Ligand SMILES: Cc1cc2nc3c(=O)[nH]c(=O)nc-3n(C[C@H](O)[C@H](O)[C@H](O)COP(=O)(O)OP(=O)(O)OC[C@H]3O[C@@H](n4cnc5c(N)ncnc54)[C@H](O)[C@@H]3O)c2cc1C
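Just one chain follows, in the form predicted alone, and it is written as structure tokens.
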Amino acid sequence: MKKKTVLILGAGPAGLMAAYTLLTESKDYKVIILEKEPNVGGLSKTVNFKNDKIDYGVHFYRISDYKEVNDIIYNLFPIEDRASIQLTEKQKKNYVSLGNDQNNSDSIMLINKATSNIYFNKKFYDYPIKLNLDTIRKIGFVNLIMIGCSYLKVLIHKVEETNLENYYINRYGKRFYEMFFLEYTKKVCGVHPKDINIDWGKQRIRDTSLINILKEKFFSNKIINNEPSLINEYYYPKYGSGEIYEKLASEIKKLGGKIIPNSYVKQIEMEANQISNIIYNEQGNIKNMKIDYLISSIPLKRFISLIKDDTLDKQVVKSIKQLPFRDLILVNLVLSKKAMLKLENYKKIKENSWVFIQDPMVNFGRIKICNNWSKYMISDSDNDKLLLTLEYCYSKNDPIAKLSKEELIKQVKKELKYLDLFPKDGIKDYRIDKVKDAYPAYYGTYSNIKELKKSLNKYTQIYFIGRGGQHQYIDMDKAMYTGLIASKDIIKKNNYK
């Protein structure tokens, strides 16, 4: 039987998992991935910074709800020490075989302590928020009363959840929301939470609430209404999150799959809702391809521009093209560890993996302390190198998008000084990366997302996966799961024929 050709757009978490699933579960498919970048990993890639390795932001793995994904990832990357893992009841239900201990291997998951802070009103608070004496002292008596009163108010009468702000308020009360969520959400999303669809909250904060924080205080590591406790550790490959995708890509090639870098689709020609021809650019050469299925992880707003189909409603096409995204600037800094340890504020966060900046005077939203993720990624002969990554979210018309590298570094210095996180001997080195379409946004034409997606259901050969393809702000484990499910559906369809 002739193999069916499946073309996958994008070699990120979703696209690679789709290819891996097809090739491991069936021998009936010819799988081709087109990736516009020179390397794999998409939004979760790891790149070289001279002699160091850095990720495109904050990306880690944990035992998730998607057992099939867990089984694949932990087979490729066994956890370094199984004995130290304390599984919750929910995790036991989704138990994953962790494989053999391979402490001397490069392909393992390190176990990291998940420590982070929120910076608000010149103070650092533990995140997730802990109601301990330190937090209560920092919040202060007046704010504590305001938090209690505003939360009692929503317990008595909840506000209508017409937007993200009301979604937050119903779970935390207005004062707690303003202190710990408002400014960071504005930085990530680019608009006020009152203008954001509540789907963002459902995706990002799920069922957490102030009452759950109280339960966490008194029932630590217990199950509260079938909800697992907030994580206190996470798993991370020795050489960055991108190592997962480099390994998946290697396995795909061994299984006969093809990954073509620096390549992309130019046009998808349709006839009677079926794909008649694919025109694509393969490393500078324009070619044609006949395929049986198409799996797309590229942003939906870009995909719609590729389809040549006069039967598509013009207003639908226009609305999909206008689906909003937020881009990301990553400023990677090399600093002196010894100089930073002279700063009181750095001493407070030096053990953290990341810090959220809930302060309107600072434009970046998060700091990643790279040294605390994996020592194997940083070359440091004199043990004095500190690598930080600052994350700036932006849209194309934002002022920060127009800054030169020199102007941006000048702003970085100013903001770090404001936080008392700028050492006297300054920045040793830096690298700036711009990540296009990092965060699907939940405003504008997103309000019609269900109808817009429904209009594309007529294309039975086409599957949309991942953050971009589904326009969902999801973590990488769920992104991989969307690719896995799409491939399983293709296999299922053909098994019934």
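Everything numeric in this text was worked out from a predicted model, so none of it was measured. Heads up: residue numbers just count along the shown sequence, starting at 1.
What comes next is about the form predicted in complex with this ligand, which does not appear here.
Shown alone here, I298 lies within 4.5 Å of this ligand in the predicted bound form, counting heavy atoms only.
For F60, a non-hydrogen atom is located within 4.5 Å of this ligand in the predicted bound form, even though that partner is not displayed. This ligand in the predicted bound form comes within 4.5 Å of no heavy atom belonging to I320. Not displayed here, this ligand is kept clear of Y459 by more than 4.5 Å at the level of heavy atoms in the predicted bound form. The contact with this ligand in the predicted bound form, taken as any heavy atom within 4.5 Å, belongs to L34 out of I54, A441, V31, L34. You can rule out all but one of 431-439, 445-453, 46-54, 22-30: in the predicted bound form, only 431-439 has residues with a heavy atom within 4.5 Å of this ligand.
Three-residue candidate spot N75, G242 and K385; no residue lies within 4.5 angstroms of this ligand in the predicted bound form by any non-hydrogen atom. Contacts between 360-381 and this ligand, taken as any heavy atom within 4.5 Å in the predicted bound form, involve only R366.
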